[in-house]
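The structure tokens that follow cover one protein chain in two forms, given apart as structure 1 and structure 2.
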Structure 1
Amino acid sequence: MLKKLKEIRALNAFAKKQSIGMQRKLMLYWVSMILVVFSTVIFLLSIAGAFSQDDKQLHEVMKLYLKNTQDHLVDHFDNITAKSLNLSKELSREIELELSKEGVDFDEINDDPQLLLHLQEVMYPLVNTTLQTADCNGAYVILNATINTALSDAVNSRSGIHLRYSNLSSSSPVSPTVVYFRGISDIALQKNLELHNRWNLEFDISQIPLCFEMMNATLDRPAENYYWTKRINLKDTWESSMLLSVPIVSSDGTVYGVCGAEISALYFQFSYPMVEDKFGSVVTVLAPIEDNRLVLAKGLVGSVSGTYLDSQESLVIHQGRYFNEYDTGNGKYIGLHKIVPISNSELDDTVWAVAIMVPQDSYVAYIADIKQNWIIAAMILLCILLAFSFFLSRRFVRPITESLKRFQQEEMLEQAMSSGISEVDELAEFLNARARNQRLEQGDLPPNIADLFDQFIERKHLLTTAERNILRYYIEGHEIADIPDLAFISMSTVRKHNRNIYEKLGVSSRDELMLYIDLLRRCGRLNELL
């Protein structure tokens, strides 16, 4: 490459003295070099990501995923809410009807096991129907009453029914097997239901957020006062769930209790599986936002198989141009989120958000693959341009070098071969004529060649005495290594004189200087240089 650049420099200096023909050919070579430089710049820009649209593309994909997931989740929760509101309405009517038949007020059902059993027998079909028709894994009803008010924990103990599906799987999220989780065991015997291995007679409402407040609030319509609890651990089990709480309100405004549906963490995972995308594994999250954090421990997380996302973590939200960054402390996710109004109650001010995210490591790996493809494509382009440049340069330089070799070896043919360069062909024609002993006058030389030689000889007057002596040694055929001994000077001094000689005579190297000397010798004008 360095040798090529030296050739270009010498030819460039030579071309400045020539007619437009050689300049045009040399310009073509430089254009090819510019193309190589341009491809290199494109290559570097591609590495820096200047041409990458991946962030914007990820934003569009995430936005589409988020919209589809949000629509699905909102429809899902709206369906459960509608079923639960209808359950509240039916329960209110049936409870009010049974109390009327018994001729008692609601406050009188405390400490009356038979009446509570009768009410549960009435409520069971309605709860079971809700479980079967709503897209959930559990349905329940809690009355604001207890079998024994004398117990120490009676303030938190409430009678009711809680039905749940016992075996959930990814192939069948909703199983037909129903277990009896809470309620009077007589109902389970009547309905031939299996008791949950952590069955209890009554609910512990201290485990259900805002349940006590809702039962003692003054409410008008259930549709205006329902809410989803944050994720809670089900007492005495390893499971955790979110509960929809809807008040059961009588015609006179008495709150009989609450009812609703359950979505467990496991059920949510099966309902919102992870989606494999070219950017990575897409995970769905429903969680409350608190202090610019997405609190997974209080919400539900879809399937996280193959990722490091922990459902007990809290994600710090960092807003970005195309997507957000969610920092778990142990790892980072990127994605988008949007607020969803799944609750409607003055008792609960939780801000819920649905989020779609992928592991940042997966996205970084995808970008690395894209950059690698860019690099390969740029390298191929660069090689093609380099090969094209090399081809053009050889095609231009080769005729000149071959002609000069023929000049040096005096192998000029009677009918000279054309080099494709007008100036070289004119000089070859002149030397062929001289080789055939055709004596020519100086004026018979091609005008542009004669002018070139005249200018070169004229610049000899710029040389100092010492520089002329060095030039004479070169004319006599001595090599540069011979000069220090002949002139009694050091090699560094010789090099200094050489630089001055090249600059004053307008050449770029010793090879170009020797070319002029050889051509002047052949033209019989070498003595003018002495």
Structure 2
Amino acid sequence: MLKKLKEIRALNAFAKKQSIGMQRKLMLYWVSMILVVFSTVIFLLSIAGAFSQDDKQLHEVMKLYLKNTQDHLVDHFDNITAKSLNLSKELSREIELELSKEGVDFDEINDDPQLLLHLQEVMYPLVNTTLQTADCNGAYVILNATINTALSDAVNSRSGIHLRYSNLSSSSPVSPTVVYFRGISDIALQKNLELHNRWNLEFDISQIPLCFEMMNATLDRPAENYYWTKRINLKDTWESSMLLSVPIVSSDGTVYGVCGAEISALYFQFSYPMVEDKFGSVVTVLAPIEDNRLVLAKGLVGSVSGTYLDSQESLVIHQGRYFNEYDTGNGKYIGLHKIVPISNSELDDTVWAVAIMVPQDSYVAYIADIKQNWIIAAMILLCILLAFSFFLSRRFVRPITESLKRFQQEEMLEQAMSSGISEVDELAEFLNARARNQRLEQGDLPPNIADLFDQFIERKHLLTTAERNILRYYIEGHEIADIPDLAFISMSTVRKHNRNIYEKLGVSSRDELMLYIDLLRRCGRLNELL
């Protein structure tokens, strides 16, 4: 019973508080639960490294790019090297053959225009074939001889042929035109070749690194020497190139000169286009490493559209865990690089590296974008969870509030409607039962009981003061027999009063009178009778 009382009290408290209060509390509970779970998930994810996934992913992608680029580049350069070595061998044989035919030593070809022309006529088809077959934009041969040793710049001037493609473009389906850059002009006339607008009869070997050394060195195994020059400006032009230099060595070890192929900056750009990745524009770089710097000015850079590289920077290398940083001084790039042995010469110790890199800005923007997506996704998830919690708490509270409403409207249903919550149902059942019991106690009352009460109470005005005093004794619970002693009147007097009281109040007996009194007491209207 005590428990039931407590339940009623609890229900009372419910009714007094607004239902929204309970829903709010439930909401608060849900929200804090959700926040705890949410932050735990975020915490675990960050511990598991879900948010450094991007760097790792970039590393994998970069590694793949680097491997592809490196494979491609090494293939490419190996091909050119093989063709150039072949060119060197054939030139050596042809020159040796011609010299023996003419019966002269190699030293004697200086200042002999006829012999030089004749040699160039022999060399031209070989150089041209190399240009046509090797994946390059130029091929050349330089003999260690000059047409006029008396000239002031004769020490740097050397006879030879340099053929180049002129109208290169990345997408042109037209086969490029061969132009005559260096060499005796008679050959250009013979072969119907256009002279380069900066054509020269001879090479200025001061422009070509190590060229002089190569031609005058005594090499152990000269035939196996070759090296790529650092990028040089082609004299009098806006173009710059890297040249592969292979010595032309006779059977007795004399170095006739050097030959090889050319890859211009422009040609490299077309050959190594920029790749657009979600991280940013991926650029290929082939450059020497000097003092932990990638010296772009001495190397080649693939297509740079979408980046700020101008192929002249020195990039300071900062090694990183997943990728390196390349700092130009006014801009940073991230990427990976790898040393590639493209040269093979005791004269040259340049360390070449192939690198792929993307502007750090675009990567940061990409990461920021991803982070933003994460945040948006998290916010959306949070909103969904909040809405869910609102929905749940409302759903939970609704049966309670509806039951309360029913109680408040005193709409006691005989068949208890299920609220879906056993405790609420129990409470409802209990209250219903109590209400039913109350009604059973008043079961045989006529339906117009209120009217009867009103009439009864109205009639009390007919009573005299003396009669009302007697009635008061009855209301106080005294029996008829008690009245004479209490009022000091005879029993006959009491009976006479009773008759008058019954008559005036419209009751037939003291029992009926007492029933009225009892009912009025239950209704709380007894004081109206006094």
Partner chain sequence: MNLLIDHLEDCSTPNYFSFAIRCEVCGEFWYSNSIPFSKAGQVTDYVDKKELYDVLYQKEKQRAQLAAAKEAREHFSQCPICRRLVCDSCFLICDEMDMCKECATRMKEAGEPVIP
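One-based numbering along structure 1's sequence throughout. Throughout, rigid core stands for the largest set of C-alpha atoms superposing within 1.5 Å between the two forms. Only a predicted model underlies this, so the values are computations on that prediction, with no experimental measurement involved.
Between the two renderings of this chain, the form predicted together with the partner chain is found in structure 2; structure 1 comes from elsewhere. Once both forms are fitted on their rigid core, the CA atom of residue 63 lies less than 2 Å apart between the two structures.
Fitting the two forms on the rigid core leaves the C-alpha of residue 454 displaced by at least 2 angstroms between the two structures. In this core superposition, residue 522 moves its Cα by 16.9 Å between the two structures.
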